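In structure tokens, the next block holds one chain alone, the form predicted alone.
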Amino acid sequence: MKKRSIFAGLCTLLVLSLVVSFAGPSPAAEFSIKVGHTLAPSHPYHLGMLNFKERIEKRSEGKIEVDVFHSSQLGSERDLIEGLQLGTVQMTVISTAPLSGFTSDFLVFDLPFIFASVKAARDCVDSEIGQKMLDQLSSQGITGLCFFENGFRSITNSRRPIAVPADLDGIKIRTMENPIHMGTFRVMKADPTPMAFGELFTALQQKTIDAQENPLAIVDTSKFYEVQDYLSLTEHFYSPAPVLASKAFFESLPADLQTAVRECLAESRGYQRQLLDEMNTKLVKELGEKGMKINEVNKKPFIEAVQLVYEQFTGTGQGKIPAELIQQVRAFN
């Protein structure tokens, strides 16, 4: 059989995205998986989960049915985690930020410039290190399955290009409620302001904040180019995206279906990352065509400026990252 093109696959998944909310339950399905995430239906998060839907429904011969809900339809990332624990949501794909309350190890991925390349980042999260972190969620009623990806984060703002750390002085920038992210921007004299993602576009539009930082795919799919003038390719944080399941639900599946879920997700992970790579290849040009003023960045002064963040967050105890773990992660570069 001739392999479908990525374009054909995208068309299929986009059609699925439009009809998924209206499809009634299949009478043949024994298990229903409700998946929630906070990003747009055109983001690789969503397309990757639709790819998983297609794979697992076929692999399980209809025993598993999947519905995917985008754009915070099922709540914020914290709501989705709570939903996993309560059993009202069966699966989610999120950022690592809300997970640091369960284990500080996840904070290692939030350290600025800890990965020198996409390959290093992927090799690390797919290794025993990444799986060990996922396994630590078991005591919280959550089964960690694998890592999708959001990618490297860069800065957009409405005031000026960011070429050196001093350019951030006085810039009010939205961040996730993440102590390392906030600490990173504070040492560069920006004003980090935690805010729910769903409120971000309006805040940028009304200029109650100046800036935000996210991967290019989010800048595009969330249409931040409509309310931000400058894109500076700082690539300061890497954002893995854990795929998590309700432990009670996952363990209710027969062993063969648990295996099928894991294997289908591993295949969809590759598809999701491929989509992200393709988007990143073209988005710098396309965002420029949409009116953003884009500048490359010499990362060396930024890396030097944030060393205080490593000193602040290295150690033992809640909110600290063991020095050994940092060394293990850096070894993938």
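Quick note: we count residues from 1 along the sequence shown, nothing fancier. Computed from a prediction, not measured in an experiment: that's the story for all the values here.
There is another form of this protein, the form predicted together with a small molecule, and it is not shown here; the text below is about that form.
Peer 1: Between the options Ile173, Val89, Leu107, Ile94, which residue brings a heavy atom to within 4.5 Å of the small molecule in the model of the complex?
Peer 2: Selected option: Ile94.
Peer 1: Using a 4.5 Å heavy atom cut-off, which residue among Glu77, Asp210, Asp220, Asp167 comes into contact with the small molecule in the model of the complex?
Peer 2: That would be Glu77.
Peer 1: Only one of these stretches, 212-220, 137-145, 112-120, 245-253, has heavy atoms within 4.5 Å of the small molecule in the model of the complex; which one is it?
Peer 2: It is 212-220 that comes within 4.5 Å of the partner.
Peer 1: Can you tell me whether Phe197 touches the small molecule? I mean in the model of the complex, with a 4.5 angstroms heavy atom cut-off.
Peer 2: Looking in the model of the complex, residue contacts with the small molecule include Phe197, since a heavy atom lies within 4.5 Å.
Peer 1: Please determine whether Leu275 contacts the small molecule in the model of the complex, using a 4.5 Å cut-off between heavy atoms.
Peer 2: No, Leu275 stays farther than 4.5 Å from the small molecule in the model of the complex.
Peer 1: Check Phe52 for me: does it contact the small molecule in the model of the complex (non-hydrogen atoms, 4.5 angstroms)?
Peer 2: So Phe52 does not count as contacting the small molecule.
Peer 1: At 4.5 Å between heavy atoms, is Leu265 in contact with the small molecule in the model of the complex?
Peer 2: The answer is no: Leu265 has no heavy atom within 4.5 Å of the small molecule.
Peer 1: Does each of Ser154, Thr156 and Lys299 have at least one heavy atom within 4.5 Å of the small molecule in the model of the complex?
Peer 2: Not a single listed residue reaches the small molecule in the model of the complex, so no.
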